[in-house]
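Listed next as structure tokens is one chain, alone, in the form predicted on its own.
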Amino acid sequence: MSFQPQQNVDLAELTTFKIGGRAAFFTEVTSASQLPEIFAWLKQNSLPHLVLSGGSNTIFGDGIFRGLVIKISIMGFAVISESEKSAVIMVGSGEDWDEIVKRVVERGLSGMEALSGIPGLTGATPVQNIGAYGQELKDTVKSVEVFDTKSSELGSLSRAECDFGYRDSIFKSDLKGRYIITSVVFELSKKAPGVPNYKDVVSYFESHNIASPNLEQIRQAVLEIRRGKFVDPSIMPNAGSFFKNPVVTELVAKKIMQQNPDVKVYPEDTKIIPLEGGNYKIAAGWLIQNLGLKGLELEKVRIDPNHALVLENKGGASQKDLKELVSKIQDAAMQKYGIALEPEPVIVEF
């Protein structure tokens, strides 16, 4: 067997949060064809594995992972088919997500322009079912190409088989760890884009006197809004939005609205958005800010002073440091609102 992994690799430098210990073994995959041999090696050596994409949504443990970390860097962009109304494209899982959004917008294809500026690689996007300003990845996914670690075979899963939910998919839940995403197939529209009905976006176009923005203008608006909300991880290590927006019952939502007159029902405000079944989605950032926690600092971690949903590594933080801050936020939210806040990033413990 020719496969030879790297040894004793620093994991913190492979993530945007800059937290993590070391990997006993590490390899970078540039082709799906490499995966069968790698998994034969894992089986032969009876070792566990972890799959890493761009590292923008992963927080590693502080010790040593005594297995193989597999970084997926499979590139590629191809138009599979095209008609007057739409186009189907295949994107390698190692492609930078925002660069892909830029490319499809330049081609006049709509469906993911509101997802501009989200950090990470394409292969991670179906796992999280990323979303922003009314768009979700699931709305454009046609299929996901995968390597099945159980059978050591390459295959494809349809949109329905991915069982997408709010910031969720089978890759995070029922079949977590079974599949490695090698590429994603998207079906995008050639129709004129709809303007996201979100306060920040609407205000942006009103202030710029743009009544009917095109794809590029929507993309630039989203990028500018995100730059005002999120800190560049290269300046202050972070993982972007740290908590999912919690879904609560109508009773809980109404209680919060009664106690907080500034929170209004969508579309007047996007802090509380009615969902099907009488449940409501509440902005986690608003909850944290209303708890008076924005800017809270511990020794090595903090909540960003300008954006309550962003947690940051001030320098040299461990996963233990971060979990202490996370617990303080979760305990406060549960005590005041009876709401359980769930982290968006994957927190890997070992």
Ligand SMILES: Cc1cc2nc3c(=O)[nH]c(=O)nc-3n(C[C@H](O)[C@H](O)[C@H](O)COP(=O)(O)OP(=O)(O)OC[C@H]3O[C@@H](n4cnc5c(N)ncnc54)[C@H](O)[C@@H]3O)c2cc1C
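Residue numbers run from 1 along the displayed sequence. Please read all numbers here as calculations on a predicted model, not as lab measurements.
Note that the form predicted in complex with the named molecule isn't included here; everything after this is about it.
**Q** With the named molecule left out of view, which of Pro246, Pro196, Pro233, Pro193 would have a heavy atom within 4.5 Å of it in the model of the complex?
**A** Flagged contact: Pro233.
**Q** Of the residues Ala239, Ala221, Cys162, Leu109, which one places a heavy atom within 4.5 Å of the named molecule in the model of the complex?
**A** That would be Ala239.
**Q** Where does the named molecule sit in the model of the complex: which of 177-185, 248-256, 100-108, 205-213, heavy atoms within 4.5 Å?
**A** Correct option: 177-185.
**Q** Is the gap between Arg167 and the named molecule in the model of the complex 4.5 Å or less for some heavy atom pair?
**A** Yes, contact at 4.5 Å.
**Q** Do Ala132 and the named molecule share at least one heavy atom pair within 4.5 Å in the model of the complex?
**A** The answer is yes: Ala132 has a heavy atom within 4.5 Å of the named molecule.
**Q** In the model of the complex, does Lys138 come within 4.5 Å of the named molecule, counting heavy atoms only?
**A** It does not: once the named molecule is placed as it appears in the model of the complex, Lys138 has no heavy atom within 4.5 Å of it.
**Q** Flag Gln128 as yes or no: does it have a non-hydrogen atom within 4.5 angstroms of any non-hydrogen atom of the named molecule in the model of the complex?
**A** Contact check for Gln128: yes, within 4.5 Å of the named molecule in the model of the complex.
**Q** For the stretch 34-55, I need every residue with any heavy atom inside 4.5 Å of the named molecule in the model of the complex, listed N to C.
**A** Contacts from 34-55: Val51, Leu52, Ser53, Gly54, Gly55.
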